[in-house]
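This document opens with one chain alone, in structure tokens, the form predicted on its own.
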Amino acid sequence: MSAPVAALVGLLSMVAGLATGHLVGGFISPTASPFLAVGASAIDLTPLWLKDFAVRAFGSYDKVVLLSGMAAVVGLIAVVAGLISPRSRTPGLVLIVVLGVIASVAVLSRPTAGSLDVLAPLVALIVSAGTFAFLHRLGLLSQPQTAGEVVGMPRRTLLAGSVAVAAGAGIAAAGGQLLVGRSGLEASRKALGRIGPTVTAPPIPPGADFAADGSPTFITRNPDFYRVDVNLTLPQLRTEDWKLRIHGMVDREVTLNWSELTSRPLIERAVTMTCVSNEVGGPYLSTANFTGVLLADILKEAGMAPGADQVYTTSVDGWTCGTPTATLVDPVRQAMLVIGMNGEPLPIEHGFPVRMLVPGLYGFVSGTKWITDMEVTTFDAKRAYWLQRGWGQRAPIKTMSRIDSPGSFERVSPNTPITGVAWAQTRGIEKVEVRLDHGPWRPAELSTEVNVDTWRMFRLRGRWEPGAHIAEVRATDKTGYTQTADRAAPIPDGATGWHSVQFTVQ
């Protein structure tokens, strides 16, 4: 068999198996898909420095890059499977079996794996091996023995078989994607309509942003709100199926369903969220009006035992998070179980139907999406997902600031304002200063404050000299702390340093 034909045999066989496994996974559970399970395991096993790089380099496209890279690697292995089997199909089949075992282990190692999930990688293995054997035979029979002479059958038979396999794989993959959405999740979300709070957030006052001069709008639209998580496929959890169990070091175990949760007073608050992965000047910062139930009230009902210093929460997909108990019962902080975002039910990618929100803490220690379990415990007893990987334990959000306009290397007019945002959740921003070309610091104009848990815009007006300039910014919070110039990477507990941009006045 020629090398191109052998490579095609291997590639089509692998594609057919993975597509069929994805289809079967659609019937059972999205996490049973061999391709997605291997991807999720790759995320879990990826070294910390590489995860950090991926978020920095690709942002919200990091998962697309991961899946594309996986597809390339799987494709290369498939081609190798064909190339090592020019006459005998045995070497290629052995390699396919090895990959099938790896996929099965990946599926069964997922936190939410069920006994039926193994069917998806098993079917994928059978289809891949069967397709390889079939196409390998056609490939051997279609090879010319001498110039112009064909053994057994014309090449068009191999071509027809290959087209049939490719078409079948495409249909299976598309079917798997359609089945993932069969749960009626979006219908469940839309049926809720607008989320009406019992206690409405105060209206956003005039002057809360300088959007006309280049700052973000004060409220971030839901589609524009940043998203950082470890999910390759979004968990599928309807309100009808949602339950939250509160247990562990409590006086009484509490289980809430959707109707029991939403029958409680619903509080609406404007809160700015920040991701710990945010570099100095990074984009992972957004603000919304969140609606939810105060967690302090629920924990009070459960009755936390003395010595409990952590609330260990689990998402429906098995992701875990550890939050200091003191922050959850703090009446000033007002931690919530959130069900609404900007008047709508939570978007699916932001944790529908219920997520946790704790102002002033980075999301990796507070922001459990798709939450289904809450165990009151200690930090000594339980170590959450990111804590196991060397990230910080308590992770309060740091006082920081960012220049949004002018953008880096932008060419602007002499009277273009320098605008941006500053944040110090739970403390509030007292002052923002900007300097040009390492000169003296100048106090910037601040936008109207909404509350201490939200960002605050700043603006510095002036007439700048023509030529290249560097602008730097620093913020001071209401405790009197001024953010440090010392640069620190985001991991393990948040970046530090002054943000700067270079721009040219023309």
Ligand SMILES: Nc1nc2c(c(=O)[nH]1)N[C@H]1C(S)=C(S)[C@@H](COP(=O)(O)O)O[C@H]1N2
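For every residue, the number given is its place in the sequence shown, counted from 1. These numbers come from a predicted model, not from an experiment.
There is another form of this protein, the form predicted in complex with the named molecule, and it is not shown here; the text below is about that form.
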query	finding
Val230, Cys275 and Thr368 all contacting the named molecule in the predicted bound form, non-hydrogen atom within 4.5 Å	yes
Which of 312-320, 197-205, 112-120, 170-178 sits within 4.5 Å of the named molecule in the predicted bound form, heavy atom basis	312-320
Sole residue of Phe225, Trp391, Phe379, Trp242 within 4.5 Å of the named molecule in the predicted bound form, by heavy atom	Phe225
Proximity to the named molecule in the predicted bound form, single hit among Phe210, Phe132, Phe364, Trp423 (heavy atom within 4.5 Å)	Phe364
Contact test in the predicted bound form: Arg89 vs the named molecule, heavy atoms, 4.5 Å	no
4.5 Å heavy atom contact, Arg355 to the named molecule in the predicted bound form	yes
4.5 Å heavy atom contact, His350 and the named molecule in the predicted bound form	yes
Those residues of 390-413 which, in the predicted bound form, come within 4.5 Å of the named molecule by heavy atom	none
